[in-house]
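For reference, the chain that follows is the form predicted alone, supplied as structure tokens.
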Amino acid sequence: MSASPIMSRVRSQDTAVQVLRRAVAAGSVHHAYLFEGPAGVGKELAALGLAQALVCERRAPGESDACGTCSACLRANLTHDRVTRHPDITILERALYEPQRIGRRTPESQDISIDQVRTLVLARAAFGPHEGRAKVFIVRRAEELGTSAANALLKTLEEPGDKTHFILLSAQPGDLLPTVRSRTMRVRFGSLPESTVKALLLEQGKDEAVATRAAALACGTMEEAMVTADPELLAGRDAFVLDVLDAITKSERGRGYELAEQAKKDKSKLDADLVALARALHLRLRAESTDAARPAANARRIAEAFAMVTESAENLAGNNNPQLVVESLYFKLRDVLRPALGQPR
């Protein structure tokens, strides 16, 4: 467990960190924040850093960072169960707790339930912090708040008790209820530079070659980088991407139907495969855009294909038929990409 302030571990999010540090130093921390941005870019680390600064026993007025070494600071770090040991820092997340812990009979399979909000937030809303400095609620993937849970949270979110703060984390803030968004101060977190992703992978002991490739494919998020850095998963994704592009190049209509047939067998794998295909097209687009010798139309076609893949991934997330999603995508890509790949339509 590190003794350094958690906020100091947030990488390449200078604007967001400065906003939070200024608020802490000025004693003007907002009662409800919405940290929005891609998954795996430091939102949760920043939330924990802010919570740590608020509960720190040694931070003097005017200081912006936690000391990192007092008992409160050390307990603000995550445990292996992905919660903290500090009684005034509460984390909400779908299926984080055993059903009995939050008054349910069944696990939370689809959203953060109203039971979790009632048990962890509303039951404590009328009381001050247990240790006197501050009380902080951190909601992971806040877009997963069920409608009843979000509505139950509204009044407390708007008028929390003294020294009580909420930090909602979301990669899809548009999916939150407008009434929830309107009650929060938004702090934007951007994608990480490729160099930062690579450095973080190397710090975790990844091989140089693996870290370099994973960082290039991760599109600025550590969540994707960690998946991409897994050799077995990477090989499977590579095979899918090569399969699709090879079939498009050869204009194999039958192969398109085969890919669609395979897609319905493993929807979770398909989601990752579509992400890999989008990453591959992103890299191809970046190369085309910087190569003056290549026709500008190629970059436009690849950009169009990238948008198609992204749309298909969204359709898949919306519970559309995986087979039909892939079948439709294949034939759209075939028409758009064959000229860019040097093939006639």
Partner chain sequence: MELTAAKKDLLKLVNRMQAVAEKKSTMQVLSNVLLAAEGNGQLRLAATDLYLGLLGRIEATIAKPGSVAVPAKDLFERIKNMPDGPIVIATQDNGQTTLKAQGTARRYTLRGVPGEDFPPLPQPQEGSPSYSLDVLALKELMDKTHFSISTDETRAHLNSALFEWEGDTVRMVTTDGHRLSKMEIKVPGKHATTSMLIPLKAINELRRLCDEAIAEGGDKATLSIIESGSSAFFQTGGVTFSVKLVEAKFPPYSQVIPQNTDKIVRVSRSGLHEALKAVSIASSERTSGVKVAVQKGTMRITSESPESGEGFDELPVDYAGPNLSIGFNAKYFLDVLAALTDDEVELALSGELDPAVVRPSTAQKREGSDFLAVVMPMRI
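Residue numbers count along the first chain shown, from 1. Note that this is a predicted model, so its numbers are computed, not measured.
Form predicted together with the partner chain: not shown, discussed below.
K.L.:
Can any non-hydrogen atom of G128 be found within 4.5 angstroms of the partner chain in the model of the complex?
P.N.:
G128 belongs to the contact set for the partner chain.
K.L.:
My question is simply whether A123 lines the interface with the partner chain in the model of the complex - judged by any non-hydrogen atom within 4.5 Å.
P.N.:
So A123 counts as contacting the partner chain.
K.L.:
Can E98 be called a contact residue for the partner chain in the model of the complex at 4.5 Å between heavy atoms?
P.N.:
Taking the distances in the model of the complex, the answer for E98 is yes, it comes within 4.5 Å of the partner chain.
K.L.:
Quick one: is R186 in contact with the partner chain in the model of the complex, heavy atoms, 4.5 Å cut-off?
P.N.:
Heavy-atom contact with the partner chain at 4.5 Å: absent for R186.
K.L.:
So which of 231-239, 85-93, 167-175, 196-204 is the stretch with heavy atoms within 4.5 Å of the partner chain in the model of the complex?
P.N.:
Contact criterion met by 85-93 only.
K.L.:
If the cut-off is 4.5 angstroms on heavy atoms, which of these, I102, A260, A152, A134, is the one near the partner chain in the model of the complex?
P.N.:
Flagged contact: I102.
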